[in-house]
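The same protein chain appears twice below, in two forms, each given on its own as structure tokens and labelled structure 1 and structure 2.
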Structure 1
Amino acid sequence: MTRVAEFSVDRIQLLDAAGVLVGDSPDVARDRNRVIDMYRWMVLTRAFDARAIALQRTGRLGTYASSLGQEAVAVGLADAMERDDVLLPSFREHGAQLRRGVTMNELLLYWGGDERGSDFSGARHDFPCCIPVGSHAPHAAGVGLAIQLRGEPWVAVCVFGDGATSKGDVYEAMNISGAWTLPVVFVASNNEWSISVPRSAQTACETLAQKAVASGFEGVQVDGNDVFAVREVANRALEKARSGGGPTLIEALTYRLGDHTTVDDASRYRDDEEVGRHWKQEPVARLRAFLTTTHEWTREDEETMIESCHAEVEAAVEEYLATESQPVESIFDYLHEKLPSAYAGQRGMALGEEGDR
């Protein structure tokens, strides 16, 4: 017998659950302002999240997918990305979208059922949310191919959940990205649950990262509640992709602290004890602990930041609530570049004009 191939999967953690650096200290951890900046994006994301849920509860927002507990994956990734890289999010990466220039008002519009929420004023090349799970992974390969064909130094970053890794299109996208050495970073944001289905029921694999092996490229696990590690691992993967080294799959180990969405009730399928355990690992408190011990972050600093985040969120909420619905003709007017005349009758009827049929 000859062993023809061998594989291993590494896990990277830089900041432990108590907020203490373990292993090599990344440069960014020494830069107080940079750490505060990342911390603020995470705090802002969490403040946004809480407000979005409150809006939904009072009938002013549609179904909303909370990112509570997963802020470090989103912010760490976006922090590592270049402006011209392309983010292809699923639906729980609010922090990454915000960090890349999508406005809170736009996020609220989207989740409030208004298409203008996907017409980002910043991050113009980024893809909108992808609700059909995993179906955006092939787009990431397509974006990667476009970048490769043009010889540009950018990277497509595709984020999906643990559940998504069971879908064929996700594997198909990874496979082609490996075969064609495309500049794509796949991120499996493993929050341990796919609605009520635990990660262990999705696959017999010990790690999701190893799904990269069958696609011919590296898969790596990272502590997804450690923003330094996420940023570090993302940086490496992005640099590799930028320099022609092809794709990487990052499995970010995190946890969905909230319900799946505002129409879910997680108490039906998981117990408080488990959730409580994961609250001890969560990313925001961890980074706050690090800031406090290492960068003299004070209670006043904290209060000031929280206040300013809330103010920012409130301003966005006001703007959102004051946004008039689109006119009814908008249903037609983005269907094609120019609406074919065949639709004129229906458009007229929608407007309440007496159209011929």
Structure 2
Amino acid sequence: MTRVAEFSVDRIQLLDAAGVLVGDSPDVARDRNRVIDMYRWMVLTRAFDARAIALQRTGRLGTYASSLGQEAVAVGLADAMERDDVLLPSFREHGAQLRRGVTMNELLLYWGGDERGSDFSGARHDFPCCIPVGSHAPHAAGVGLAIQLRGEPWVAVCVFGDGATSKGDVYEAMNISGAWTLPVVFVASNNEWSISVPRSAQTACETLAQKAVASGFEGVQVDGNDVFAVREVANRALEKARSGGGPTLIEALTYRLGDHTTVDDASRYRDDEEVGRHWKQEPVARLRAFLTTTHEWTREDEETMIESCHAEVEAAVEEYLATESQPVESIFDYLHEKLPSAYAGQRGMALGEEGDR
């Protein structure tokens, strides 16, 4: 017998659940201002998330996917990216979108059913939220190919949940990215639950990271509640892709502390004890503890930041609620550059035009 292949998967953690550094201290952890900046983006993301849920509960926003507990994945990843890299998010990457220049008003418009929310004033290269599970992974491979053909020093970054790694779209995108050595970084945000299906029931793989092996490139695990580790691992993968080294699959271990979306009731399939255990590992409190013990973060500092973040969120909410709704015909206007005659008739009916009835 001859062994023809073998592999291993590394797991990276720099900041433990108590907010204590383990192993070597990354440069960013020694820079108080940088740490505060990342912490603020995480706090702002959580404040936005809570307000968005409240808006949905009062009928002023559509179905919304909470990012509660996953802020470090989004912010750490976005902090490592260059401005002209391309983010292809799923539907729980609010923190990454905000960090990269998408406004809160734009996100609220999108989740309120207004496509103007996908016309980002900043982050013009980035893709809008992708609701179908994993269907944006082939798009990421396409973006990576375009970058490669143009000889540009940029990277396509595709983020999806653990459930997406069981989809053919993701396998195919990873396979072609490996075969063509495309500048793509795939990030599987493993929050343990694909709606009501636990990670253990959807795949026999010991890790999701090892799914990269069949595509011929590296897979790595990272503590997704450790913003330092996420940033470090993402930075390595981005630089590798940028220099022609090909793709990486990052499995970020985190937990979905809230419901899958605002139309889900997670208490039907998981118990409070499980959720309570994961609250003890959540990323915002972890980074706050580090700031307090290492960079003399005070109660006054915390209160000032929270007040500032809430004020910023409320200003965005006011702008969103004051935005005039689009006319009914806009439903058709976003479909095609030139509307087919069949739809043109329907558009006329929506406008109440007699000749189109």
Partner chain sequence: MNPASADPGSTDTGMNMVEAINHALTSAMVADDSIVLLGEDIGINGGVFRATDGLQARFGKDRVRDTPLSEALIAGLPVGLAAMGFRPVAEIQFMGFIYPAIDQIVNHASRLRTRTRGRLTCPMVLRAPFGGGIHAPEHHSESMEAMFAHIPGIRVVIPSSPARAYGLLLAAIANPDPVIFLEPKRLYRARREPVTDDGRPLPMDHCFKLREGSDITLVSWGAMLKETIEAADMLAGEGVEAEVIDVATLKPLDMSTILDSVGKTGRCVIIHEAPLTGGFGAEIAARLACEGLMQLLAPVERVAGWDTVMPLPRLETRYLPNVERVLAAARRTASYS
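For the two forms, the rigid core is made up of the largest set of C-alpha atoms that agree within 1.5 Å on superposition. One-based numbering along structure 1's sequence throughout. For clarity, every value in this text was computed on a predicted model and none was experimentally measured.
The form predicted on its own appears here as structure 2. Thr294 lies in the same rigid part as Ile250 when the motion between structure 1 and structure 2 is split into two rigid parts.
13 degrees is the angle through which the smaller rigid part turns against the larger between structure 1 and structure 2, based on C-alpha superpositions. Superposing the rigid core and comparing between structure 1 and structure 2 gives a CA shift of 3.7 Å at Leu335.
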